[in-house]
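Here's a solo chain for you in structure tokens, the form predicted on its own.
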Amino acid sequence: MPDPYARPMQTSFEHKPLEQIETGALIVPVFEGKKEERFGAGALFDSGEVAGKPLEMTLLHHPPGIAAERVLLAGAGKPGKFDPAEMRKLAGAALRHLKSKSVKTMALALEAACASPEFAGAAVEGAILGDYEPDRYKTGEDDKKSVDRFVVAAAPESPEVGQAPSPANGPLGAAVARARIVADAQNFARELVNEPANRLTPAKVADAARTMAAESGLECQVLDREQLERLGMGALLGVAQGSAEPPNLIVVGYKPSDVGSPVRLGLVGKGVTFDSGGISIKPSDGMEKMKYDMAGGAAMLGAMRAIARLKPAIAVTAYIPCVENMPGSRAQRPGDIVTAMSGKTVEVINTDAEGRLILADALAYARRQDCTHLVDAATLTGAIVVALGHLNVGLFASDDGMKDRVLRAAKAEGERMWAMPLEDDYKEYLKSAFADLANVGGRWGGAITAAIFLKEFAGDTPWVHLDIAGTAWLDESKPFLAKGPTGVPVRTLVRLAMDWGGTS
């Protein structure tokens, strides 16, 4: 794959008076109910032209008394509700607003309560994520605009406090550097998801994983069709048999230098590079978006990219089963019965419920490889979108401790998740007269029955399932994020691994 960072935006931290920062635009968050008197902005607040509402952008040219060419008053909303997640959005929206006006360099002012590592990191993440554009295959250069540099700036402490200005490698500078790693990893995942299916086949995903692993110092193994057959992965292979593209299972591993923890976290991601639905073919309307059906697998590769650089204290291994689901002459049919690697038999009622089949074998393999805890992420069901819309990831957990860990990580990273039920009674929907399980459970509770299906293969290993079908893709752009792949839940997975080992 081409390098998505061929023209990277530089990011850095500066500790100096805001009026001395030489930049194309100084971004200043302004709040509702708090009048900004500097930069000649007071009259704008008095007239009501600026109110500080969330993501309201007002650009001032040639402001008096500062080195910056412009000041962007960026609406931050109510002070009590402004947290790092809101800062991430504000930074992304501000960058996209300024980039549209061909501003090449910009600095975001961290002041007062926002001058903390959490806010500094969120600002950089928001800027890097906001800078991403899904326009790789547009050939015209006229409309392509870029940002050269984004700075997070904090004024030095007052002399009476008796503290020296924080160096660039202090807590704020370290937060900026960490944020760069995580946001680049999230954009790496977005770049993979954005690739069309004719350019990103299962084999090409494997190539991208090998390249990433080699650059990051990670172990990488790709199991081919013959190896999958020897392992007895009938569920995965059944999905793949309708396509001319051979399937694979990608395994990418990280080990800490001091293997003191017995924890081995397994990250399992759905990697369907294109989902036509198979014989149970999807409607044509919107099918072009089904290149995003490998977003879970891409998120796992993105997370591993960051984990390799941040070095948590626990071992982490990603497992990405990659297939293409096509209605070829050899495709599996409704009514077929497959035997999964675990030995369980599955009646395939609907070939469009293929993600759970490939995940079933990948989860079983991860358990065989001695993973002590499991998290999977998949664009699994339309039912989760009906339940939660496009705002929350549906979270299902077999273990309360695992659920709490993932929810804490998600909250810290501003990736919204909602815990869904997983009672055993739902397994009744998956009864089959001919096999151990059916792969669908009828109309009701579709996201839950899909999770119940996966639970059968996660066994007694503490496990969390993230249904990202409603959150992995934006049908329309946001002020802070381009249309297309979002990279959810890369940040949560990285935080989960880092916090587990007691590091951050």
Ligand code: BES
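Since this is a predicted model, take the numbers as computed values, not measurements. All residue numbers refer to positions in the sequence shown, first residue = 1.
Keep in mind that the form predicted in complex with this ligand is missing from the display, and what follows is about it.
- Although the partner is absent here, residue 293 is a contact residue: one of its heavy atoms lies within 4.5 angstroms of this ligand in the predicted complex.
- In the predicted complex, this ligand stays beyond 4.5 Å of every heavy atom belonging to residue 201.
- Within 4.5 Å of any heavy atom of this ligand in the predicted complex lies no heavy atom of residue 125.
- Residue 379 belongs to the set of residues with a heavy atom inside 4.5 Å of this ligand in the predicted complex.
- Contact with this ligand, judged by heavy atoms within 4.5 Å in the predicted complex, is confined among 398 to 406, 426 to 434, 352 to 360, 258 to 266 to 352 to 360.
- Checking 305, 270, 190, 88 for any heavy atom within 4.5 Å of this ligand in the predicted complex turns up a single hit: 270.
- In terms of contact with this ligand in the predicted complex, the residue from 416, 309, 282, 149 that brings a heavy atom within 4.5 Å is 282.
- By the 4.5 Å heavy atom rule, the three marked residues 184, 488 and 498 all fail to count as contacting this ligand in the predicted complex.
- Scanning 457 to 495 for heavy atoms within 4.5 Å of this ligand in the predicted complex gives just one residue, 469.
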